[in-house]
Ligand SMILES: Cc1ncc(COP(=O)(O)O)c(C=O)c1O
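The chain below stands alone and is given as structure tokens, in the form predicted alone.
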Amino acid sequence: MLRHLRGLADAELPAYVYDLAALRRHSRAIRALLPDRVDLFYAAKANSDPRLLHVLGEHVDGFEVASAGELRHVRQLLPKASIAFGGPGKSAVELAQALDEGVERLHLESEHELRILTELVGERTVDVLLRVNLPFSLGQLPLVMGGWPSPFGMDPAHLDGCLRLLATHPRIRLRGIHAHLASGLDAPDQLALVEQVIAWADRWAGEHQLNLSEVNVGGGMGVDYTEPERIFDWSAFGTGLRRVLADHPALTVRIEPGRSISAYCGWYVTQVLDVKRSRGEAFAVLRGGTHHLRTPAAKGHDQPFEIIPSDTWPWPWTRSEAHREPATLVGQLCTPKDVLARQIPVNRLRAGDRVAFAMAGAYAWNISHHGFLMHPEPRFSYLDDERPPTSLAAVEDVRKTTDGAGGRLVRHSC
């Protein structure tokens, strides 16, 4: 991987480099560790890059989308893939498109969404899950979607109105409950939450004399940017799910991870333009910035990186550097929030050197504010030791055709 990063021409930077072989191995291993009655869907919102989705299509059971645009994108790339449509605020147009496209599951967030669906369904049939905001105590987590007042899902008391509507519209078939409540959980906490959700769903179904075949617990498997070597324990999670499912022989559990599948396969590679000092502190100004890689700004963390020294320096003067001291890595934007990593000890970091930010395969380019200051977009490169190499030009053609919007883990050292 590092040899490939060094081989990129300066004109190709900044660049995203996706290790498709690593993604294939990781997703294959996850699927192998999960029981048969666990459906593994990839949350396309994490990274909708066409090449990544094609690789994941080989190993996941389907894709979760949260907009008509994502639905259209996945359908064009993978026409036969199973698709679940979730997310709050679905319009009538989006619900109609979901019906036209034959999505496998619709996750309904409110009685209002269900009412719209009753007007659209006609003679078609559609399978739905009701998303519920369960009153569970979730503690301090990076992202919490439930357990307290939230726009996600509906309170349990609001489900009764949905059941009355469903009773008069037999073509809208209730398959189960959706309860994605939080993100950033480790395997024991994720498993405990699954058990709580299933126990609640069991009680609720029994009270209403319903036969639920599916419980969807969403994603949220933790990714630790401060300790990249700490990977979600899929083996322990799979073992725990086998035990839970043994007590529920007719139940399917669906999970929809995104970040924990693809984060590790992506790198954002750029170049140090300048190393300057302000009141005794070192700042490395990089080509690009958070308009390409918004993850650290969005989550408030330091993005892990690797320094790739460069012996090339085109100017007659000595290049500026940070030497055996903390450095803050910033981008080119006219905002103090354009920070990728703050006060990280470096051995040596010089103007002209390259910096490869790891764990950039999810919620990175696709959530960034691309148009701010109108800097050039990054290039995209793909590595795959199981397939012929792909040129940057060919990749750009693939991305345009499909309307497209890892490597080893590293520490903060060179």
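What you see is a predicted model; the values in this text were computed from it and never measured. For every residue, the number given is its place in the sequence shown, counted from 1.
This next part talks about the form predicted in complex with this ligand, which is not shown.
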item: Thr270, Thr290, Ser183, Gln303 - the one with a heavy atom within 4.5 Å of this ligand in the predicted complex; value: Ser183
item: Partner-contacting position among Leu193, Ile307, Ala341, Met221 - heavy atom within 4.5 Å of this ligand in the predicted complex; value: Met221
item: Candidate stretches 39-47, 53-61, 374-382, 353-361, one within 4.5 Å of this ligand in the predicted complex by heavy atom; value: 39-47
item: Partner contact for Pro257 in the predicted complex: this ligand, 4.5 angstroms, heavy atom; value: yes
item: Arg175: touches this ligand in the predicted complex, heavy atom cutoff 4.5 angstroms; value: no
item: Contact flag, Arg131 vs this ligand in the predicted complex, heavy atom cut 4.5 Å; value: yes
